[in-house]
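Next comes just one chain, in structure tokens: the form predicted alone.
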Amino acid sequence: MTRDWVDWHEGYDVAESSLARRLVVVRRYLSEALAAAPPPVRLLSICAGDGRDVLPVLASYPAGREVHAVLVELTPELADRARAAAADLDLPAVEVRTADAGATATYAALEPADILLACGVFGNVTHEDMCRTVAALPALTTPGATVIWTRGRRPDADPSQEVRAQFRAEGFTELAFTAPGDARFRVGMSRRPPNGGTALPSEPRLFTFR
């Protein structure tokens, strides 16, 4: 994947851009998930970028300093930005890992999360990788955990419907879904079923960015 992800993040700073509007929805969903989750809360964000969807929300949340959050980001500059932001916001329980979120081994030693964010993932992988990743989420989360995800639509199709269908097929309950008619972004929030897989898949990769 040759996309410059540091440059891509600049889209967040454009007022009323699709990315900026998506960010507002993701943060709102995360705030709702935190309010509903009994402490102690463990959070996992995959392909976390510079953490701007997570860190300001934790900083404004009354018990945000106690949330054990792991942010996984492959691009070193973005991971460094997330570490710096966590320090500036006084979030000592945030851990930023510069690692490949698509590699199964990255999650081998992680405790299951009560809240998981998969934002900016499904639009960059194949349909098969999306299905494999959604199927693996129960192994990364606790029963009843909340998963927040994003997907963009194309002019000729809306692949977010495939993502929603895959979550339903894996037993997740949809809690919320935002699909503005004047923008391409979609944001979903689903609840993990009380049962399901507890072991990571044997495949070495969940997904590969294309």
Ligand SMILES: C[S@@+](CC[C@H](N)C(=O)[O-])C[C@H]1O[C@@H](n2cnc3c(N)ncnc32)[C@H](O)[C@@H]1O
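The structure presented is a predicted model; accordingly, all values stated were derived computationally and were not measured. So that there is no doubt, residue numbering starts at 1 and follows the sequence shown.
Another form exists, predicted together with the ligand; not displayed. Remarks below refer to it.
Using a 4.5 angstroms limit between non-hydrogen atoms, Leu116 is distant from the ligand in the model of the complex. The closest non-hydrogen atom of Gly102 lies within 4.5 Å of the ligand in the model of the complex.
Using a 4.5 angstroms limit between non-hydrogen atoms, Val67 is distant from the ligand in the model of the complex. Interface membership of Leu89, defined by any non-hydrogen atom within 4.5 Å of the ligand in the model of the complex, is ruled out. Contact annotation: the ligand lies within 4.5 Å of heavy atoms from the stretch 49-57 in the model of the complex, the single such stretch among 177-185, 157-165, 49-57, 30-38. Across the proposed site, Trp5, Arg22 and Leu78 without exception bring a heavy atom within 4.5 Å of the ligand in the model of the complex. Out of the listed residues Cys131, Leu74, Ala93, Ala85, Leu74 is the one that sits within 4.5 Å of the ligand in the model of the complex by at least one heavy atom. Contacts between stretch 196-210 and the ligand, counted in the model of the complex as any heavy atom lying within 4.5 Å, involve Arg205, Phe207, Phe209, listed in sequence order.
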